[in-house]
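Starting off, we have a lone chain in the form predicted alone, written out as structure tokens.
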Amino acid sequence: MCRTCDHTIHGRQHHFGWDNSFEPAARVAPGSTIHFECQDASAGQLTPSSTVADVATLDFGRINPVSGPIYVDGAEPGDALKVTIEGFEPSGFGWTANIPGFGLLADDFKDPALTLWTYDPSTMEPALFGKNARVPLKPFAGTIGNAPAENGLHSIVPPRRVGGNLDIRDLSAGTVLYLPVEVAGGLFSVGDTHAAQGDGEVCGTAIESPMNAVLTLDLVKNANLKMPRFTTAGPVTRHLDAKGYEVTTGVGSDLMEGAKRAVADMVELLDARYQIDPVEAYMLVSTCGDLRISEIVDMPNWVVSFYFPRVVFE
């Protein structure tokens, strides 16, 4: 429990999808610090005793619950909500899944797969994957945003101008995020917490992990942001940099196809080098490998690179 927090939003105070008609879970003054109890992306459908059969029966109506919403006094359209990410309280349990029809290489990996993770929430030492791989951890909230102006219930899955399912790994402790406000009060919610994720979240899931988040919500009047923006507290990849990287590339006229090629080649490299089943390699790289646009000016072809941190195996 956060003793310095002004409010606590309990795990039961959650919702699915975005809707500006939802009743606020709390009404707070600007500058309030709030303790959020966040469920994992499956809303508890996947547990430490789950098997791959449970992936095939997931209820997608219960995917990505977010805790909230929070009405911030004085927030009006045209303002920005300033979200200071104070920290996270991890649970020690997580999962990564290949969900059929979902993910960058969905056409290549059509069967469900599941990896269950345990990690030490006090030391946050790298989490063991298989027998030899260890993934460095960096907790953050994958879904974090305000309610959109458009009326009705909207899917939680796609990110939006007001935030939402951004899946930005660097929205971690110390980062300050600014979100456009489109409705009175902002109606802020957060969830989909991750223990680790690579840039791109290529298989569609990270180390999905229930945990608590502590955030301070403040206002910037008349900010008129077009999109979310954020400021980090320091280096963003140091936890992965220690041993360098293996890098594959995709070159061509389509960035999405280039991304697919770069990831597919990394899966093949890990399979050949470490004898990892391809779908296991696909899930592993989703938790710690980074997609980057290396070049986007030398038409007609662009370069996408995929960086896999060697520290995972060394």
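All residue numbers are counted from 1 along the displayed sequence. On a predicted model such as this, the values are computed, not experimentally measured, just so you know.
Same protein, other form: the form predicted together with another copy of the chain, not shown, and the subject of what follows.
Proximity of E89 to another copy of the chain in the predicted complex: non-hydrogen atoms within 4.5 Å are absent; the residue sits far from the partner. Taking the partner from elsewhere, D298 is found to have a heavy atom lying within 4.5 Å of another copy of the chain in the predicted complex. Contact between A29 and another copy of the chain in the predicted complex is not found at the 4.5 Å heavy atom cutoff. Another copy of the chain is not drawn, but in the predicted complex it has a heavy atom within 4.5 Å of R261. Screening 182-190, 200-208, 112-120, 68-76 for residues having heavy atoms within 4.5 Å of another copy of the chain in the predicted complex returns a single hit, 200-208. When another copy of the chain is considered in the predicted complex, only one residue from L153, V157, L128, V220 comes within 4.5 Å through any heavy atom, namely V157.
Although the partner is absent from the chain shown here, P228, T248 and L269 each have a heavy atom within 4.5 Å of another copy of the chain in the predicted complex. Contacts between 216-239 and another copy of the chain, taken as any heavy atom within 4.5 Å in the predicted complex, involve K226, M227, P228, R229, F230, T231, T232, A233, G234, P235, V236, T237, R238.
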